[in-house]
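Given as structure tokens, the chain that follows is alone and in the form predicted on its own.
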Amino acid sequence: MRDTEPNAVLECPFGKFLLQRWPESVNDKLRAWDAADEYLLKHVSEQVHTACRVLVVNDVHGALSTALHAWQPVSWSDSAVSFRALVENCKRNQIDSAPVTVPSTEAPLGTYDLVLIRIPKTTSLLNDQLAKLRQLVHADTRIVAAGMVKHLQKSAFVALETYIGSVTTSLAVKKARLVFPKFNESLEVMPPVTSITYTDPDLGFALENLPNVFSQDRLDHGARFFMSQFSKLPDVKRVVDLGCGNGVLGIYWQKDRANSVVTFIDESYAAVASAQRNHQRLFDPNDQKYSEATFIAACGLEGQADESIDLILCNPPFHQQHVVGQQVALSMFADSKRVLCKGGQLWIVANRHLDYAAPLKRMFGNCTSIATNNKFRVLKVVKR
């Protein structure tokens, strides 16, 4: 492991590991792990003395799977960004074996002796994962969940008790806590709600959201305000709905433009699957006026060709799990500059308190405020 800033080195019972968050950022002050990860690794080193089959759930930047790489853990997550972080962190630490990753929309194969769970921000995702987990464990499986105390909501404990069994907890260490659910094979479990479908009168079509999709049971207010400005958008063919969520922006734009081609991209596998379901519900592939679309779970616009897109619609996130910041959005904007053709446009909707205009002007040399209300702002930039 090469020399680096101490803040980027995780020291744990399994060794020292150079770790960084993804997307990468110059002078990133935040670590790719927290005290809950450290607590989990210490517990595993003390309680598990032989290699076993390990499942790691919701490993945000790959810290757990990187540290436990000798045991060849399976990483299960809804985040393509998390998987990319894991791959990059394995490379940084000269780990030759490729990590095994499984998206949340699928279930890992086989059974596991040790399951390590980072409690996610969204309870619907946790419910879905725990319901599937029952088929992946046996009577002697050790299941350990973890989180920072301030993020451990009552709903997470209810979910663990509902789908796994009774729980006990550790003492808090560095404001982190471990939770130990005991697998109850005879527990009567009702299947969780796997999706929510609603119809908004402003849209005229239904939207289905799988677990973990933002604004799960109603139209996001930012998206609603953004769509009120769609009459001002250029009439172009090659479009990306970046950070697509359930696909509402791209679908709403495309429903009156049958000759367009829209690519729906999100880092959430559940979001991309939701967007695809919603598109298929509205557009019939057998119709001559069918609107062409592709659906990709990816880190921003990675894999998209340079200067290949005319228009990008973006409702960017301003958090990764519990961490709030602009890192993901700024990475999206930089990607957009590369992918847009000359004269192509990036349109963004964002909360008013997020100062995206300044970095956009630095990147593109221009930024126009299209519309503002008491909470949101719609911005446009043009690639010169």
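The structure displayed is predicted, hence computed values, not measured ones. Quick note: we count residues from 1 along the sequence shown, nothing fancier.
Only in words, not in the display: the form predicted in complex with a small molecule, which the text now covers.
S.K.: Which of these stretches, 104 to 112, 239 to 247, 188 to 196, 303 to 311, has heavy atoms within 4.5 Å of the small molecule in the predicted bound form?
M.R.: Careful reading of the contacts points to 239 to 247.
S.K.: Given that the small molecule is left out here, which of Ala223, Ala145, Leu125, Ala85 has a heavy atom within 4.5 Å of it in the predicted bound form?
M.R.: Spelling it out, the residue with a heavy atom inside the cut-off is Ala223.
S.K.: Pick from Ala176, Val137, Cys299, Ile95: which has a non-hydrogen atom within 4.5 Å of the small molecule in the predicted bound form?
M.R.: Checking each option against the small molecule in the predicted bound form, the one that comes within 4.5 Å is Cys299.
S.K.: May I ask you to state whether Gln254 is within 4.5 Å of the small molecule in the predicted bound form, using heavy atom distances?
M.R.: So Gln254 does not count as contacting the small molecule.
S.K.: So in the predicted bound form, does any heavy atom of Ala350 sit within 4.5 Å of the small molecule?
M.R.: Because no heavy atom of Ala350 falls inside 4.5 Å of the small molecule in the predicted bound form, the answer is no.
S.K.: Answer with yes or no whether Gly344 is in contact with the small molecule in the predicted bound form, where contact means some heavy atom within 4.5 Å.
M.R.: No, Gly344 sits far enough from the small molecule in the predicted bound form that none of its heavy atoms falls within 4.5 Å.
S.K.: Heavy atoms within 4.5 Å of the small molecule in the predicted bound form: does Asn89 have any?
M.R.: The answer is no: Asn89 has no heavy atom within 4.5 Å of the small molecule.
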